[in-house]
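Single chain ahead, by itself, as structure tokens, in the form predicted alone.
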Amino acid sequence: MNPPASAQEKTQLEQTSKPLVQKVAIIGAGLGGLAVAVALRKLGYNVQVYEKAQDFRPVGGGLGLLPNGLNFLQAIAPELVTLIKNSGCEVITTVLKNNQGETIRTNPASRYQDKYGQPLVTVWWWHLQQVLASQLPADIIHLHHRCLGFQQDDTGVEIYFDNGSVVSADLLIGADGINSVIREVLIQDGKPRYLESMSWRAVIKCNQQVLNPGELGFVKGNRDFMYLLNVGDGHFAWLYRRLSLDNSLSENPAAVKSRILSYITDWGESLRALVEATPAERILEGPICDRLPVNSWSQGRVTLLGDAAHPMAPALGQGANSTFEDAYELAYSLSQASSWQTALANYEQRRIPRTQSIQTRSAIGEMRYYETESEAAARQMQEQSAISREEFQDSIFSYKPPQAIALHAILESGFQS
């Protein structure tokens, strides 16, 4: 007998035992911090999130949620994927264009749903943050709390903030991004590594003529390229990247906009118009950076998650998606272990080998964007014996939450008895 719909729709994270610790502090109210907060609250944990920003405002660029990320969000809270799809855009077709805006090739994006059981969804970072925040009580998110550091002992962790606050917790999760304060204390590996790729991105609301609804576009230039994304509710995202040894930033927003326009002066009018229509202050400029993989993210009662743990180039689109894997797997480890020490060890064992390989391939992928045809052909000849791009994508996209099969079996056996 099949279980009733209400049982089928239950989250895969359920409170089956007493929480291992009383209070969990999370540094960072980005995508990873909010996702793990939602997951841990499902398990009955007292979770508090501390964010350096003074308010939530429309920030960030467009991003793609791939099957593995959606699988793990669905495992955290089934309604999340529905909310995200309503907020963003399910991609129907991918389009390759030249830098005059002319279409070279189109491909259906149905393979994601057909092969992996989830679509490709493009969404505005800010809208995704709001969807996650909507799953949490407002009083557990503490804005205007820039973390300065922490100290820990056998009894707990003390966290220090620039507003003078001192917070005590039993477990601390650093989800504070590539320039993580928590990581710097734990690992002390200095500044991120610049990958010789500069980025400019923005989200605007405009009547653009470049993409049809449901399309995702890629524009191949000469040592530069642009992604074009419908991100829902009439919003449109463009992301421009350029090979550059120089990672210096422009002096002001007007200079940022002028800089991009000077780079794409020979591009087609429809593409230049997107940048020209973007208010200068909405354009985000920055270097593409990562860090080298490490073999441990935890010390004592403190661990890392997302970009704080494994910052990677965006070439494979796995920054946010792998972060949602982290959020679920950390909560899952805490739900299965007999102690928080064992839970953190299990979390690292499950996550680090996978993210190390994704970090490494992402850095390589970033440089492949800028290859000429002859360079790409030469590389492919050398890589014939290596795991193929398709095989590696399969290993990423087909990844499922560890409890999915076990929970299904439990529900089936429970309702058959």
Ligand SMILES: Cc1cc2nc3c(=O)[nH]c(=O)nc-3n(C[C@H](O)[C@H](O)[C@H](O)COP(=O)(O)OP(=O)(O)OC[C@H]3O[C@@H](n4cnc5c(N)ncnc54)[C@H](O)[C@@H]3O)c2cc1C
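Just so we're clear, the structure is a prediction, and the values are computed from it rather than from any experiment. Note that residue numbering begins at 1 and tracks the sequence as displayed.
Below, we refer to the form predicted in complex with this ligand, which is not included among the displayed structures.
Taken together, the three residues K52, R146 and Q318 all come within 4.5 Å of this ligand in the model of the complex, as judged by their closest heavy atom.
Here is the short version: of N346, S199, Q74, S298, the single residue with a heavy atom within 4.5 Å of this ligand in the model of the complex is S199.
Only one of the listed residues (K257, H235, R241, K97) places a non-hydrogen atom within 4.5 angstroms of this ligand in the model of the complex, and that residue is R241.
Look at 150-158, 78-86, 263-271, 175-183: in the model of the complex, residues with non-hydrogen atoms within 4.5 angstroms of this ligand sit in 175-183. A residue is said to contact a partner when one of its heavy atoms sits within 4.5 Å of a partner heavy atom; P314 meets this definition for this ligand in the model of the complex.
Interface membership of I288, defined by any non-hydrogen atom within 4.5 Å of this ligand in the model of the complex, is confirmed. Of the heavy atoms in T303, none are within 4.5 Å of this ligand in the model of the complex. For A39, no non-hydrogen atom is located within 4.5 Å of this ligand in the model of the complex, even though that partner is not displayed. Interface residues of 22-60, taken as those with a heavy atom within 4.5 Å of this ligand in the model of the complex (partner not displayed): I27, G28, A29, G30, L31, G32, G33, Y50, E51, K52, in sequence order.
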